[in-house]
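Below, in structure tokens: the form predicted on its own, a single chain.
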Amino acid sequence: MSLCFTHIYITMINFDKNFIYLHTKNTSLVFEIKKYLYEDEKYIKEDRYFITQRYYGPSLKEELSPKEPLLRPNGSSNDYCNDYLISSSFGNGNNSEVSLLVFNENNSAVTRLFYKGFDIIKGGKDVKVPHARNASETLHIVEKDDVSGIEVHLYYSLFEDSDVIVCKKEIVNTKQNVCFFRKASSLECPINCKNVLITTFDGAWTKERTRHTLNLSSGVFVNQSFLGSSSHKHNPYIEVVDNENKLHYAFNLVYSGNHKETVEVNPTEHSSVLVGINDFGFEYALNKGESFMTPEAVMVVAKSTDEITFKMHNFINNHIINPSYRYKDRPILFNSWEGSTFKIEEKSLLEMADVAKQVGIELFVVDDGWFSNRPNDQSGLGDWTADNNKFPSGIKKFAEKIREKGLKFGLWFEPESISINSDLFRKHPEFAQLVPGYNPFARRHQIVIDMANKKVIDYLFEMISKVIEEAELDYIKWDYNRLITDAYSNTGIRCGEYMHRFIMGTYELLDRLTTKYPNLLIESCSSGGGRYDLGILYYTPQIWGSDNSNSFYRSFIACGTLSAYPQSTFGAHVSRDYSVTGHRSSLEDRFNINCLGAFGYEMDLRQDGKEDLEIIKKQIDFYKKHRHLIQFGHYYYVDNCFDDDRYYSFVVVSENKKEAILSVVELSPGVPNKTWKFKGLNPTAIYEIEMRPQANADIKLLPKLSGSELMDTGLDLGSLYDEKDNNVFQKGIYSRMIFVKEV
């Protein structure tokens, strides 16, 4: 792996004249190897080199020319590390945020990394944690500090069918007895501009992934979580627009724990983005010969936000989602929670299942309350055995009754929490996060179990496996309702390593379960959408989007979530209409908003009259007919409700552009009429147009139109106002769904 300056031709990676070129179908990432010139020649012992990012953007049409190496003249404050480094560290004169901070055994924090060489790996670097699958080629770069012995290995992986590039770093201690690294970003990406627009997706419980934008022309912006998960507050996905060159960048992290994304703009130099594990409270020990692999960071560049969304969706579906569920239609489910809450009773559940089957539902899920010692949320977590008082014939027999009705069967779990009032806690209090001398911070009457403890993982694997096999489960809803407040393990894990080791334990449990039960569908949940990230999606192909199913809020939650994540991953249910802001919606309008994604119903269907059940049956028939298009079609938001909170509309288009569905929503009554436009159609094709029949709307016969007319001129549907609904709803939401098919 020595320095070589010959021309190497590889399918997607090549080397020429000190440049390493990484080419995807539509983008190029170029690194330049540069000789470092010292201020004082007498200290030179050998030539040293460093590696910089020279270019990242649309595909290059020609090779680049070398720039002169940066000098460090006497009396100058210019440092080589201001020249677009991809692995900056403290001690090299850098005056910007660094991606690596190491505390050495000589009591210094100095790390001076120099480039040592590169090679090219066919496929990707093997790792046991969540990562992008099926890489085509990987560039492996090695940097080293010869004094401390710290090596940094950078891995940039490319994919034949994607413009997304992923990067991770491996830190190796080759020399010291022990060192401690306190920061290890997975990705450092310089951007050649001095003014950026930053977009993040922030929120809270029931208000997840609300879009926020900020112009930054100087200073440092941080998007982060230190709650033990990717969190409701700040999703790890961010977008950065180069306001000078009009390029759109997007970044994400294949990780479910504490994350940090930093954007720094230096008005005299350039901008830089760091993505990785949050350094808050982080200090990881490396003994001699040990290494640490960071999570993979994801980056992509395009010319528009539509392109970014399209590229991210395809990448996640093709390279993150478990292959067992890649482009596999998700079942329509019924969840018992809103219909029964903790009042689990076999007879009533079987009655609900009868109605669910009648309307066409495919999967019946019993939510919280099915297991021992769980009359409410104050006890029972950790005791993962069915309550025989609630299932007199046993969970195995109950599951058989559900399957006899032609339904699949699933159960709710919350493996990462433990109740103080539980048999497990009484037997194994050391399994809980209990800091000596402190009373536990018992939110929701529960504390977090110690997922960094191998014995806990073994216990949970054994108990959950028994239930899976006894009930022959098809589905698990995997909930996680706590943030970490008592980060502590009785096994003696260092506090600076605990948060990371906790999420590694969760991954180990998920990996063992999905390996043993490859056909088991797991839907992740974290008080709704509190852990919506690529790390969890690696194991669970869908995530419950939010505990808020109110149509007004769901429009914003969907609009924000689907900017980054494909609709196949987005769990959304039609539930009872309820008001949070005064905005109400009919059963038909709730479907038009909530059908987008991994779809289901959550209510006591026994309370519905024949008219509503007939509406639900027709909705399900429509969904099944167009399920693959809805779940996996190319998604475009047309009317973004963050731009104008009066309207929301989205389009899903088939791969061959022969079919599409447009859903249009007026989020308040009395808004001005408008024309509704499609995106992504074949402009020269002629399309038949069909309005989904709705009980609260008259069907309008629409003429055949070309794709260009549907995209440029749009459809004039007149007012969506429903007089019938407005008699019930003071603030009504009105919608229509349009299906088009090429003639």
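All values derive from a computational prediction rather than experimental measurement. Just count from 1 along the sequence shown to find any residue number.
Form predicted in complex with a small molecule: not shown, discussed below.
Partner contact for F599 in the predicted bound form: the small molecule, 4.5 angstroms, heavy atom:
Although the small molecule is absent here, F599 would stay clear of it in the predicted bound form, with no heavy atoms inside 4.5 Å.
Would you classify W412 as touching the small molecule in the predicted bound form, given a 4.5 Å non-hydrogen atom cut-off?
Answer yes; at least one heavy atom of W412 falls within 4.5 Å of the small molecule in the predicted bound form.
Does any part of W337 reach within 4.5 Å of the small molecule in the predicted bound form? Heavy atoms only, please.
Flag for W337 set to yes.
Quick one: is R444 in contact with the small molecule in the predicted bound form, heavy atoms, 4.5 Å cut-off?
It does: once the small molecule is placed as it appears in the predicted bound form, R444 has a heavy atom within 4.5 Å of it.
Please name which of the stretches 431 to 439, 322 to 330, 466 to 474, 525 to 533 has residues with heavy atoms lying within 4.5 Å of the small molecule in the predicted bound form.
It is the stretch 525 to 533.
Output flag, F552, D645 and S649 jointly within 4.5 Å of the small molecule in the predicted bound form, heavy atom basis:
Checking in the predicted bound form: none of F552, D645 and S649 is within 4.5 Å of the small molecule.
Among D423, D604, E614, D547, which has at least one heavy atom within 4.5 Å of the small molecule in the predicted bound form?
Contact check passes for D547.
Scan E416, E188, E588, D368 and let me know which has any heavy atom within 4.5 Å of the small molecule in the predicted bound form.
Result of the distance check: D368.
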